[in-house]
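Starting off, we have a lone chain in the form predicted on its own, written out as structure tokens.
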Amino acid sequence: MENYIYFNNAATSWPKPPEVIEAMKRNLTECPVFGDRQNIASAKDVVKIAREEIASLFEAPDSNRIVFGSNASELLNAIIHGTLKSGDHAISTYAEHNSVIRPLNTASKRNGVELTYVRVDERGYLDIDDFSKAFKDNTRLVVINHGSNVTGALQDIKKISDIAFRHKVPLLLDASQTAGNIKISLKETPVAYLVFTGHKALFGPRGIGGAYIAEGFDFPPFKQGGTGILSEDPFQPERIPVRYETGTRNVPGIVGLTEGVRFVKKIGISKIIEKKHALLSILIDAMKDNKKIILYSPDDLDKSVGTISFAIKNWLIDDIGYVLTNSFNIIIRTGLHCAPMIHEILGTLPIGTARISLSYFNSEEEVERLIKALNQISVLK
């Protein structure tokens, strides 16, 4: 990968900070002990430490209400299926990822849960008035994608949270694209559930994710089994977080995620945003100057997570990615990006868009090489 320029960080961030890799190596080579399952006084409870670091990042009031899973998709499924029952109504949007769309549709098909998907505009923004009108007497859950993984549009979560609170409906916030990319404060904007993944802008490995479950919003766990404690109980323990952490946890992944979170905190969200905005401004200005390029993402970077979707006139979407990779050693993403409904609004079904997503580790030189490549490609057809 050394010779490639990587612009697919909305899928998985790369490279990872060296401290993430070193921490995972240490965890895999040292004796596997940690505080809550071993009677060793010197053992560090690395899972407890991870909860505290993540709670600090999100300004969550209780670190014990951070729970871990294999990824954001697992936690979204757990909350959606654990919360909704027959006769309930749920509100979501056209900007959602399949990790939300599919469990919601499954809940509808299996249990008769009523669904309302509120449309977004051609940049991916939710219409707040339409959202306000979607509530019903039986609305029991709102599920919102904080930042679109297609257009990058950043939703106004404060307004959305206020409306949901006014209707006494819990808000499930999918922060897969925003955790590590923008400041998220559960103190300033409380939500019932916050779901995040480790392998994107938090710079952790794949196969680890988590959720914050606010006080008073517990739901039945969808898995039962070993927890390492309270083994005499014939039922799943009620105590959080073990209630939702059945079986052996991905401790190397949790350790790697901890170091990724520490890296974000060390650099500072504001510095990460500042660097990415500087690079994105160069890139967007250059793309807007090219009349062959069609942009589907917002111009206002303060209202965007920084992901750019585009097309090039007369080019097939997959061919753009193929040529960039094989002729210029530049990796982007093409297709529907697991979020099919928003493409109905963009008019990009069934082929999708080409997508560029930057990391803190990208450089101005890499962006300039991408611009040069796009300009060369665009004049070929």
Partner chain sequence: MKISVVKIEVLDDCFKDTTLFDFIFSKALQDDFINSLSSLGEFEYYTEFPKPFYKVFRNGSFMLKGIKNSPNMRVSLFPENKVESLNELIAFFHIDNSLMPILKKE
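Since this is a predicted model, take the numbers as computed values, not measurements. Numbering follows the first chain given and starts at 1.
One more form of this protein, predicted in complex with its partner chain, exists but is not displayed; see below.
Here is the short version: of V323, C338, I49, I331, the single residue with a heavy atom within 4.5 Å of its partner chain in the predicted bound form is V323.
In the predicted bound form, S327 approaches its partner chain with a heavy atom inside 4.5 Å. When contacts are judged by a 4.5 Å heavy atom cut-off, I5 does not count as touching its partner chain in the predicted bound form. Its partner chain is not shown here, but in the predicted bound form it comes within 4.5 Å of a heavy atom of P350. Though the partner is left out of this view, D319 does reach within 4.5 Å of its partner chain in the predicted bound form, counting heavy atoms only.
Stretch-level contact analysis of 23-31, 339-347, 309-317, 59-67 against its partner chain in the predicted bound form, using heavy atoms and a 4.5 Å limit, identifies 309-317. Residues of 357-381 placing a heavy atom within 4.5 Å of its partner chain in the predicted bound form, in sequence order: Q376, I377, L380, K381.
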